[in-house]
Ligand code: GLU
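Starting off, we have a lone chain in the form predicted alone, written out as structure tokens.
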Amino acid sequence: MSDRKLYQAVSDKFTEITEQMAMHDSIKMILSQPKNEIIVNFPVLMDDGSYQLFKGYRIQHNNILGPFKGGIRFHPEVSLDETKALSMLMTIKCALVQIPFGGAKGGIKFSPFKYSREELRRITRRFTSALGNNIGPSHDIPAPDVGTNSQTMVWMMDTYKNVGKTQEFHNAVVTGKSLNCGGSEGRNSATGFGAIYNVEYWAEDTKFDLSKSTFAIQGMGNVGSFAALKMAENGSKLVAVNDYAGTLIDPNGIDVEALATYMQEKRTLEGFNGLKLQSRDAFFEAENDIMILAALENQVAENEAPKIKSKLVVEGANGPVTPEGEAILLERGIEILPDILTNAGGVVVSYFEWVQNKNSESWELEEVERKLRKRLKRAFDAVRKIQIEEKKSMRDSCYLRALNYINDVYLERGIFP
């Protein structure tokens, strides 16, 4: 599915849900488009002495609830439409878990794995400088996403501080930083662990025994690795894993810790434990109870959905199931935990990091995880209640909770002037 289709899918879902609720037309109009669309083109010096021109985006969708918040993505398929779609999803996600942030998203269109560390440092610093006053600790707060990490955020924070910004608490301009440079305990694992906390709530609600279950996972990056580790901690057995190189299947179980370590070193499934790589289709056809999609968007469409044998599909990535794929899964009785709920752990702990930076505090890991579990459980229970009462899908129920909250805030505050 194209980026344009992803944007259309998000827009269509927004329109569908707002037509089911009493949202004023003026509020619907405001939310239908981003507040700001920032595109920058900037040159960067390469290691060989040449210069290369890069295109970067920062889309700021809405800030009625608080500063813009959203990840920075380094990937060759970053585009305006993709970034617009993901920024709207961030607005909805923040409203769903009721943290005081609005939605944003950004990125640079390139493949980071083809560049040296020094080139990545210069690209990141030049992009941050090009964004200028469009980011700030009380205005727009980036975070890591696909192709970026804590080091990227540290470079952004340091650049922001050194290009003449005078705002207090400059550490809070980004989240997802290393612990040495103002990051929070539990931030690195938050998205992956948060996804599985929601699986635990689902299992408790449906009386499903995770300790006797099997699972499959697509993507073993940061989110997928931590999600797999948490599933294994619950006693679930990994039987299939997929990435860009292919699929590994072992009904007897795959060692999650060994796989996570291997992926961190090799960045590919190829060669792990002597297992033969199989096709992408083999992953979706594999026997398992729970399928976790932690790679990229648009992975399960009309071709993949009929093959899946899982009881539950978990969206660890943003938008991995297309509307057509979702319709097929739901018709087949396969429940979906949607991205705006299941991968909200990252932005929740980003909020915690921001609060710690603002207050010059440092919370213990146990406190971070307790607060994260509490906030996600509250959101899950509220969504489940809407789902039962309104007879809606989990995704529609998430949208209803989030958009009703934003609508109420607009009605209380009014629209300037």
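For every residue, the number given is its place in the sequence shown, counted from 1. Remember, it's a predicted structure, so these values are computed and weren't measured experimentally.
What comes next is about the form predicted together with glutamic acid (GLU), which is not displayed.
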* If you check in the predicted complex, is residue 318 within 4.5 Å of glutamic acid (GLU), heavy atoms only? -> yes
* To do: Find out whether any non-hydrogen atom of residue 187 is located within 4.5 angstroms of glutamic acid (GLU) in the predicted complex, and reply yes or no.
  => yes
* Any of the heavy atoms of residue 107 lying within 4.5 Å of glutamic acid (GLU) in the predicted complex? -> no
* Asked: Any chance residue 220 has a heavy atom within 4.5 Å of glutamic acid (GLU) in the predicted complex?
  -> no
* **Residue among 90, 291, 231, 248 with a heavy atom within 4.5 Å of glutamic acid (GLU) in the predicted complex** => 90
* Pick from 297, 145, 243, 326: which residue has any heavy atom within 4.5 angstroms of glutamic acid (GLU) in the predicted complex? -> 145
* Select, from the options 254-262, 209-217, 68-76, 302-310, the stretch whose residues sit within 4.5 angstroms of glutamic acid (GLU) in the predicted complex by heavy atom distance. => 68-76
* To do: Report yes if all three of 198, 338 and 342 come within 4.5 Å of glutamic acid (GLU) in the predicted complex by some heavy atom, otherwise no.
  => no
* Heavy atom contacts to glutamic acid (GLU) in the predicted complex at 4.5 Å, residues of 333-353 in sequence order -> 343, 346, 347, 350
